[in-house]
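Shown next as structure tokens: one chain only, the form predicted on its own.
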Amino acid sequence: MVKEHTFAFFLGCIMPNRYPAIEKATKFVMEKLGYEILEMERATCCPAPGVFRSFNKFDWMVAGARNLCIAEQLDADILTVCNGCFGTLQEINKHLKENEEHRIQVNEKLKLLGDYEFKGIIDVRHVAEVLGYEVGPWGIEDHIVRKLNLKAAIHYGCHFLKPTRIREIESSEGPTIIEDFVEALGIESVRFKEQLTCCGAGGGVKAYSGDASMTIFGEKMKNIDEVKPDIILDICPFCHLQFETGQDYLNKNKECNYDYPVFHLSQVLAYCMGMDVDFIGLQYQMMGRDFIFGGEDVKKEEAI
């Protein structure tokens, strides 16, 4: 039986290589909330759904199933902070549980890679889904040390919500899971035009055509700029990368002047729960501007 309140932490590629602060913040948050976080030794790329699956769906399933097997050996559900990793691992997990023929074929390949056999005994969770539904805005209040006073443009990303029949989170047309949760942190969500569209990074778009990626992203930023948020809040390191580097690209090549700080949900929550800003990337230089979170202390407790 899978251990309750224990997660096998799937890091993915972008977070540990580009955003270790998100990794540190996520561990801090989950452990403070009473979850045990286990390292997934020998885990590889998920692999990315928009690229690998397009070339060879079977090998994509084998590589993903190997990661699932590592978590099965730990008797723990997988926790990921990345929408792409969430999409790949959840879809492969669900498919192999339901398709015996493919499960047998994948396990035959896995035997060639070592002591791996997909059994289908775990689930795949996204940190935003765990926080939004399992912890909830009703359950986070007692853990809050500081509250913020910010307006955020919230970006869900594509793979977190779609396909709806597999994600089973909520309607992909009108989600509120993130808005409801961050309200308890003192963050107001500001709606903007076409809020649920792609950032232009996923689905292999960024890898295949930088111009197409920036065209999609440019439209996204135009819509965000119209509502003038204090920050952009995301739940995926790949989207995070697009919003950070993409603003710089548009400023240099499209005569734009964007200067919106970008934060992952784990980072703002870690700050509100008492983690020092120096460890979670909330104080840093971005596009020539110092941005330091200010907030209202709601408890007399030392930051960690």
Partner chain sequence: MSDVEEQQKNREFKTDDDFDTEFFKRIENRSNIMKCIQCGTCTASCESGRWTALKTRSIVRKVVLGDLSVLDDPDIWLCTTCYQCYERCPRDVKPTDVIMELRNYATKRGNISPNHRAVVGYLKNFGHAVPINDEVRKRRVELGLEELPPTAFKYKQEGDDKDLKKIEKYMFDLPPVKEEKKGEEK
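Positions refer to the first chain, counted from 1. Everything quoted here is computed from the prediction, not taken from an experiment.
There is another form of the same protein, the form predicted together with its partner chain; it is not shown, and what comes next is about it.
Open item on the list: Using a 4.5 Å heavy atom cut-off, which of 135-143, 122-130, 162-170, 72-80 contacts its partner chain in the predicted complex?
Closed with: Stretch with heavy atoms near the partner: 162-170.
Open item on the list: Please tell me whether any heavy atom belonging to Lys254 falls inside 4.5 Å of a heavy atom of its partner chain, as the geometry stands in the predicted complex.
Closed with: The answer is no: Lys254 has no heavy atom within 4.5 Å of its partner chain.
TODO: Using a 4.5 Å heavy atom cut-off, state whether Pro175 contacts its partner chain in the predicted complex.
DONE: Pro175: no contact with its partner chain in the predicted complex.
Open item on the list: Residue-level question: is Ile104 within 4.5 Å of its partner chain in the predicted complex, judged on heavy atoms?
Closed with: Residue-level check for Ile104: no, no contact with its partner chain.
Task: 4.5 Å heavy atom contact, Gly202 and its partner chain in the predicted complex - done: Result yes; Gly202 sits at the interface with its partner chain in the predicted complex.
Open item on the list: Let me test this: is every residue among Lys147, Ser189 and Thr245 within 4.5 Å of its partner chain in the predicted complex, going by heavy atom positions?
Closed with: No, the whole trio is out of contact, none within 4.5 Å by any heavy atom.
Task: Stretch 179-196 - residues with a heavy atom within 4.5 Å of its partner chain in the predicted complex - done: Residues within 4.5 Å: Glu194, Leu196.
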